[in-house]
Ligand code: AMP
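Only one chain is given next, in structure tokens, and it is the form predicted on its own.
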Amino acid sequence: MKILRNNLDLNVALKKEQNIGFVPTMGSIHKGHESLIKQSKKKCKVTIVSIFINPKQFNNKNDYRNYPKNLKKDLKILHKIKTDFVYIPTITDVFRKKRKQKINLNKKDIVLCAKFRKGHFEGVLDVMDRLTNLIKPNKIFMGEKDFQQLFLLKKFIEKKYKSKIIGCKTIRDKNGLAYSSRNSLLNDNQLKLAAKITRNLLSLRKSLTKVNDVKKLMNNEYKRMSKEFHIKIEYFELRNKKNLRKVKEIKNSKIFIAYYINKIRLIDNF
């Protein structure tokens, strides 16, 4: 495994490489990331993982400062699973050039997280545009847990570059909870609560296939979960997988949720 700490290292390392797989991360490597890296190693000749906490996608300065980080542990994991390259750029490396044109979301895309986290996805699209331009990967591997992010990036990146974005299934622990870097900010009781909410939603997904009034059941579940689990739910919606439009039928749809346990924001889809 070779560690690349600046753009010169990156250019030298990838100069003669072909069929490059790229897994972008903000560190705090977990089993979800490991799964993406394994997919890349299967489908590409070389795999590069980036570790970069992007300041532009945080609309809360404290959230950016407190984002979990443990580079030593990350590198140990990445070495163990035989990652080819790890790119750890500075803010200057990534944002050395000013954008000629500001990134704006279409009005129809300002739903779910985009509605509640102003500027978040513009920041994600900006950094992924820059990283894709620097690395020039053939394939980019991303998880379906951040489904809206995957949806927006697929449209944006594939329109501009030859890189193909590969969506990979959400990896969950034995209790059903999706692996996330933010999980490390939860204590044991909070993790148990998050797992309980997840099992509840997996069960709801099955129930929705058996009822006529999907909207009514969704509304009832929203009220029940808020009260029973004492959580603040930011959004709880059924949307079409292909265009993220709100729907009232279960076919080709997903349940999307964002909620807070204490001050930690968690998202998932089922």
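A quick note: this is a predicted structure, and the numbers were derived from the prediction, not measured. Each residue number is its position in the shown sequence, starting from 1.
One more form of this protein, predicted together with ligand AMP, exists but is not displayed; see below.
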Quick one: in the predicted complex, does every one of 36, 67 and 170 get a heavy atom within 4.5 Å of ligand AMP?
yes
Is residue 178 close enough to touch ligand AMP in the predicted complex, meaning at least one heavy atom pair within 4.5 Å?
yes
Test of understanding: in the predicted complex, would residue 89 fall inside 4.5 Å of ligand AMP by heavy atoms?
no
Residue 217, heavy atom within 4.5 angstroms of ligand AMP in the predicted complex
no
With a cut-off of 4.5 Å between heavy atoms, is residue 132 one of the residues that contacts ligand AMP in the predicted complex?
no
Report the stretch among 90-98, 141-149, 190-198, 108-116 that approaches ligand AMP in the predicted complex to within 4.5 Å, counting heavy atoms only.
141-149
Between 41, 56, 239, 30, only one gets a heavy atom within 4.5 angstroms of ligand AMP in the predicted complex; which residue is that?
30
Consider the chain as shown here, without its partner, and state which of 26, 211, 233, 202 has a heavy atom within 4.5 Å of ligand AMP in the predicted complex.
26
Can you name the residues of 75-104 that have a heavy atom within 4.5 Å of ligand AMP in the predicted complex?
none
